[in-house]
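You are given structure tokens for the same protein chain in two forms, set apart as structure 1 and structure 2.
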Structure 1
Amino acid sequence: MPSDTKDRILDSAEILFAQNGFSATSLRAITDHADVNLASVNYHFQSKDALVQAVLMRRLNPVNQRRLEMLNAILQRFPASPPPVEEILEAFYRPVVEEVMKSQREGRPIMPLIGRIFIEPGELVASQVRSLMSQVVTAFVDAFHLALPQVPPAVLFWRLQFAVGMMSHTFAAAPLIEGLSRGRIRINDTEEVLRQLIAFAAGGLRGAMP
């Protein structure tokens, strides 16, 4: 447990945002959970909105950086031939899944938070996510174009969004999905989740053109 007030606020805010959403989580609930004074939120961050942005940035920036690193490593290994679709998908999925599962194990269940960021209403979160994701989207659409040159870029863009939605929904609705499955599946094994995601998305990306 960190002793710095700013980090304690970020940690508690992350947990409570994941559990209850952004607008349903009050600053008082956060400061109670973090055991800090209420006014320290507006001292270290300027407002609740800025706190939301800080929570998102702290998680998304390292993940997206890792995604681009893995993607570049793949592209360098295939300088002249189409890179395998499955490897590109792993570069896209693994950094997120590992980050989520790691937090889960550490008692910080941020799974629904990661699942919800694309869907959160309000222009504040949307513009934040847009600026954080545009580089990643461009890089992966380009990579899929190398892997599947016969698929038009517009269709590849559709399919990348579907690949995002698969993961987003799996994390955000994890308790609901596990309940509906009546014990058939569990969403807590990094490699199993990655296998299922990659197998489905690879099939979808290669699917017959509509």
Structure 2
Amino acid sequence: MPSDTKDRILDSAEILFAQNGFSATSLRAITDHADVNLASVNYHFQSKDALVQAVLMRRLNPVNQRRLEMLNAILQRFPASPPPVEEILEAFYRPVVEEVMKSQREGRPIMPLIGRIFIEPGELVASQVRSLMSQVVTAFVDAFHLALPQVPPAVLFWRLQFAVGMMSHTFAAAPLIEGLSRGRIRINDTEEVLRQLIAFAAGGLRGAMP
């Protein structure tokens, strides 16, 4: 069926993009992995750029939609007072952490793909990510400004970058972290991971000015 073919192409593209990078993965490699012909890719996606966009949208859009829904619920509860930093952080982190944990349980870990988003050079991926993330970034930066009016905008943005990097590193380096901790840490408990991320990020966001 056409939908099955499209899903196979997306699944194979996601795996190969995560393993080899977006630029280094050819359409021929994707069609071979998906066991489809090149005409199928052209029919469903028209170009590699469009296929990259579809792969990223499939993973990022549901997560970002849930982030915005959680954030809007918080802002509605605090219409005339600063929203709690920890609640905003939970709205930002929880959808990603739960999706990463779910993908690991299902044997389709998405963290390597997310890692590629941050390290892939070139404008192709950067432009796609800017397009997909701009609404979320704007909404959360505005919310943190409400919660932390004393933090200058440039400093706040620096701190938010560190908060994002902390989450990415936690999952990308999970086996290394677990090994170095000598069994003290297991990155497989959603609620514990969220507690630690939120507590550390909240402290950093509220920290004294440099």
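C-alpha atoms forming the largest set that superposes within 1.5 Å between two forms make up the rigid core. Treat the numbers as computed from the prediction; the structure is a model and nothing was measured. Structure 1's sequence is the ruler for residue numbers, which start at 1.
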item: Of the two forms shown alone, the one predicted alone; value: 2
item: Threshold 2 Å Cα movement between structures 1 and 2 for Ala34, core superposed; value: yes
item: Large Cα move at Ala201 between structures 1 and 2, threshold 2 Å, rigid core; value: no
item: Core-aligned C-alpha movement of Gln19 between structures 1 and 2, 2 Å or more; value: yes
item: Backbone CA shift between structures 1 and 2, Gly115, after core fitting (angstrom); value: 3.4
